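Here you'll find one protein chain in two forms, each presented separately as structure tokens under the names structure 1 and structure 2.
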Structure 1
């Protein structure tokens, strides 16, 4: 019992400590004062109401995608295609906005956009799932390939059918009509609807894993695929279902990126949040309760690092290094502890 508490604490202590030491040394090595960097990261993300709002706008898609990935990971599937699923969600939302406005009232168009995003993201994931179950193409390569295809699709749309009147440019499509912007709080630019949906998707995920038969099946198959077949559970059916759910979650994230944050379709609409969500779920050791906290930490890093190039003339990819390094050290420490535990028995 004592071990159950002590081990995670030592683990996190080692992870945070060594990441801190390595990053500090790295910054000294390139002759930058690390404490100035840390100060900037904290102030840049939590320093004002405006910045906290930005952090929450990153947190929303991260939590949504992480929830989706919990389903696929519980079956041992590496849904790397989640990045493209966000993009497809964004395309779905934009399509609905383009096609149905202004012939329908804006609220209906919003709901349609939301549904389109879920379906587009879900089907894109399902496609990767079918390639895996029916075609035998590893989901990592199928997903990656589809990510690049989705990126090409967005670029084609922006420069082709949906280009701005006059000049097509990398800055994206023409902004949507104001009525199609998700409303935000006064002086705090976060959509309460987006926040509420992200939180409820997370609660629903916890509920499904904890209290329903589905959750049990997901876990049972993930731990031992052959056992699932023996008990008459179709592994392929559940794999496809999990892929669809993950794609749907990513699609919702794509919807909020377009309707809530950028108000148009841009090339970098997915902002690497899918890949980041993969890191979050790994760092959460594939369980749900740490997800919102890690997602918040990662969101702070992303937002805080935006100012690094302007103020200290260093690249903003420092946030990615901190995130990746945390996962790397975590994986090593976790497996080391497990190895020691096994050798003691």
Structure 2
């Protein structure tokens, strides 16, 4: 019993320590004071109420996309198309806002926008799933291809049917009416509704994996698809279901980006949060409990790194290097630790 508790704690301590040491050495190698960088990252992300609000606005879509990826990863599906699914969610929400407002009350239109985002994101992911299960197209290539199509669709809408009156620009569509913005707390620009939705989706994901037959089947198929088939579980059916759930979660993230952050459709509406969520889930070792904490760490890096070019004259892309390096070091050290433990048993 004691070993069961101590082993994971020791493993995580070694992994986190290794990540910290390697990143510190990297910063020294490029002649930057690492402790100055850490201080700026903390101050830049948590130094004021405004910055904490920005961190939470990044945390919300990261958690939503990570929850979606947990479903597909549990089946061994690499849903790289999560970026495109965020974009389709944003397009779905924008379509509802443009088609139904002001003919219907703003509250109804917001609900419709939310549903359109879920359906659009879910169907886009389902399409990649159908290509995989019916056409034999690898989900990685299908997802990448659909990401490019989604990006092209957004640009076509912004410069075509949904362009601003008299002008079309990369700044996006015309801003939505203020009644279609997600409300925020006074002095704290975070939507409590979006926060509640993200937390609810995470709790629902944990519940599905722990207490429902869907979660059990996802894990069973992921561990051994052949055995799943022998027990009468349809691998294709659950693969498609997992893809739809992942796309629906990404679609909600797209709704939040349009109604809660940018208040319009812009070309970079996904902000690469889908790709970041892939790193988060891998860093969490495909487990759900670490996801909110790692997402918060990545959100802090994302927001805090804005300080780096201004104070230390370092490119803000350093945060991306830290994120990628964290995952690589984690995977190497974690797997080495596991192999070592298994050889001793």
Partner chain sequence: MSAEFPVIAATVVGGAAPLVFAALGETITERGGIINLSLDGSILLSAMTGFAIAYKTGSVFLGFLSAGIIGALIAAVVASSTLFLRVSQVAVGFVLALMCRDLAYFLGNPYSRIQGPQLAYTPIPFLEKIPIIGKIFFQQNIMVYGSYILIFAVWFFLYKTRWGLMLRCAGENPEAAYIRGIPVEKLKFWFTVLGGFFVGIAGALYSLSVKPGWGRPQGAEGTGWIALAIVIFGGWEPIKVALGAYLFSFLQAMGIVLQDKFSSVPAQVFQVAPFPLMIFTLLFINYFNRKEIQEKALTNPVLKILSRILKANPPASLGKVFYRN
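Under this definition, the rigid core comprises the largest set of C-alpha atoms superposing within 1.5 Å between the forms. Residue numbers count along the first chain shown, from 1. Only a predicted model underlies this, so the values are computations on that prediction, with no experimental measurement involved.
Note on provenance: structure 2 matches the form predicted alone. With the core superposed, residue 325 shows a C-alpha displacement below 2 Å between the two structures. For residue 19, the Cα deviation between the two structures after core superposition amounts to 3.7 Å.
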